[in-house]
Ligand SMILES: NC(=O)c1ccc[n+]([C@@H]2O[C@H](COP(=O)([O-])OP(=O)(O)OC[C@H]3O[C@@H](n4cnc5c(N)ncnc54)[C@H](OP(=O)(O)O)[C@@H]3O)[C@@H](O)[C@H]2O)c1
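Only one chain is given next, in structure tokens, and it is the form predicted on its own.
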Amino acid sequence: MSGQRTLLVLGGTVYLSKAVAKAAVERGSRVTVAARGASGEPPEGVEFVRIDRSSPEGVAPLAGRSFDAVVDVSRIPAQVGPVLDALADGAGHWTFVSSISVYADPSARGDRTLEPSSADETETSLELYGRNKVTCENLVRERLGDRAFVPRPGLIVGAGDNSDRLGCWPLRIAEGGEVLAPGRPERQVQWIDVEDLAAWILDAGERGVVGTFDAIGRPIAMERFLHGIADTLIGLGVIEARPEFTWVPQDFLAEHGVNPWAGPDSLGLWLPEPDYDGMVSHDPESAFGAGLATVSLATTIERWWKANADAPRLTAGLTREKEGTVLGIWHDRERTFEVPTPENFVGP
């Protein structure tokens, strides 16, 4: 088709990159997905090119091709150089999806990044994740110059997320009863919906947006977050009323084996204070000024619920037994330290 926009997605079979490819097809673009094909299936309607980014020879099927836009989500510096060599000269616009994990101090909002790892680094450990992303960013900027767009997402949530950092909350709230809530009700949380991020990436390529941005929604209080989930589930007819939220201090939670952020025995999205204040207080205003648009919490929860609730695979959150035990110990402590009043005081 004459004038049809061409897009290459490096990846395109899992989560964000798959959401980008799918949305681009829906916009009428001619989409090529290049990957090993080992992590998942590309969306319908794309051209699939099998590559192996572990060597320059492995990306040979892309050599000499040109695209209006390229999207890359890599976390391995050694895999970025070969695709740049093969494609940079023929790309009109290049998106490299980085992460707020590039920032050096998670306790404070700032712009100082970690020291980069080596350009030939192949290690994928979490300890190197932020440093590797810094290196990948640098490689892309050095090669693409004013054609490079580098969004730094925070927590990405939505259909396809296998971390359940968001999903553990609607599932738990839907069960009702007393719900353990972490830390202070005013503690902030921050995220971005995967569909919103995918849309912005495509918009940026079409409009020629370049530069580096924190790709994240505006932070809100944890209490507002939990109440918003409950209200959305009420609107969907899942529950009839908000459950009872019991707010338990973070030190008590840590003492009793409740973990932050993600994984087993965790309370999703919650990060302790003050060590992680910077991770939940990024300023998204420059991104909004560059075209990022985010849907409401209610829309994000509704999207997640419709995509996942029928067959959840919970990898985060507390078991009901663990939650009940922690709440029981907390209430025992409250009773032990209850301040005497005229109504409950018994004299000698």
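Computed from a predicted structure; not experimentally measured. From 1 onward, residues are counted along the sequence shown.
Keep in mind the form predicted in complex with the named molecule is missing from the figure; the text below concerns it.
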query: Site test, 35, 52 and 129 vs the named molecule in the predicted complex, non-hydrogen atom cutoff 4.5 Å; finding: yes
query: Non-hydrogen atom contact residue 330 with the named molecule in the predicted complex at 4.5 angstroms; finding: no
query: The named molecule contact at residue 79 in the predicted complex, heavy atom, 4.5 Å; finding: yes
query: Partner proximity in the predicted complex: residue 153 to the named molecule, non-hydrogen atom cutoff 4.5 Å; finding: yes
query: 4.5 Å heavy atom contact, residue 97 to the named molecule in the predicted complex; finding: yes
query: Contact assignment for the named molecule in the predicted complex, among 39, 315, 66, 286, heavy atom within 4.5 Å; finding: 39
query: Region of this chain that lies against the named molecule in the predicted complex, out of 68 to 76, 205 to 213, 263 to 271, 138 to 146 [heavy atom, 4.5 Å]; finding: 68 to 76
query: Residues of stretch 163 to 183 in contact with the named molecule in the predicted complex (4.5 Å, non-hydrogen atom); finding: 165
